[in-house]
Ligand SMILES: Nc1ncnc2c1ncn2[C@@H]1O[C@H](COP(=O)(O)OP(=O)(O)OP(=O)(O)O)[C@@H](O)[C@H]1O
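First, one chain by itself: the form predicted on its own, in structure tokens.
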Amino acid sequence: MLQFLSVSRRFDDGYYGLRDVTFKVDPGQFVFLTGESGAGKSTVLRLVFRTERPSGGTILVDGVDTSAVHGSSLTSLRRSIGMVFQDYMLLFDRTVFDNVALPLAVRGVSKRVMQEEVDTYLERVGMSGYQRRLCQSLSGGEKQRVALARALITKPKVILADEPTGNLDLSNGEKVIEVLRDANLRGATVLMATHDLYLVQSTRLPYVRLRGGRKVEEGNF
């Protein structure tokens, strides 16, 4: 489903965010991308989502070389991916409903279906009854779960999550992992970035560890 083949990412100032990184995430897998801050985790996710492009190597998503997609093909690629951003990327002056419904509104989904789907996914993340709340009034854990519902509502093939538990307490962090595991069991391929090695060890799921932009380890605990 996701494959990095000798991928490097060199920035304009000469700094390498990634150097010669190779790994694979099979369809239906849940894989952690771990390492300290600055290891290159967020760079990997941005490359998959094609908000950045590699300086070298090849990235395949469902067999498609992401460097070769443009225009409508790039839009289709991004629509197949649910992205959970580290800083939520919510419209804080809009309601929870508006934020979660946004990907469906862009696709021209009817209001009836939109309402049903938003209700379903807010219930799935434990946020039923929050539809009319403004996002700026929510706690950090609530914002993260709204962002998660928005990422899941299109039933993406791939879910990318960038430190989704990093700023949360234990209870909210466990809820986020539970929701991601549920999406994985429903068929989504999940790649989750985290610096929390204890979380990776406790779940015993596959992982890829980065350090200084290089892959230094992969496997299972």
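The numbering used is simple: start at 1 and walk along the sequence shown. As the structure is a computational prediction, the values presented were derived from the model and not from experiment.
As for the form predicted together with this ligand, it is not shown, yet the points below apply to it.
A heavy atom within 4.5 Å of this ligand in the predicted bound form is found for exactly one of Val179, Ala39, Val31, Val61: Ala39. This chain is displayed without this ligand, yet in the predicted bound form the stretch 43 to 51 from 43 to 51, 151 to 159, 166 to 174, 64 to 72 comes within 4.5 Å of it by heavy atoms.
Contact check for Tyr15: a non-hydrogen atom falls within 4.5 Å of this ligand in the predicted bound form. Using a 4.5 angstroms threshold between heavy atoms, Tyr198 stays clear of this ligand in the predicted bound form.
At the 4.5 Å threshold, heavy atoms of Gln86 reach this ligand in the predicted bound form.
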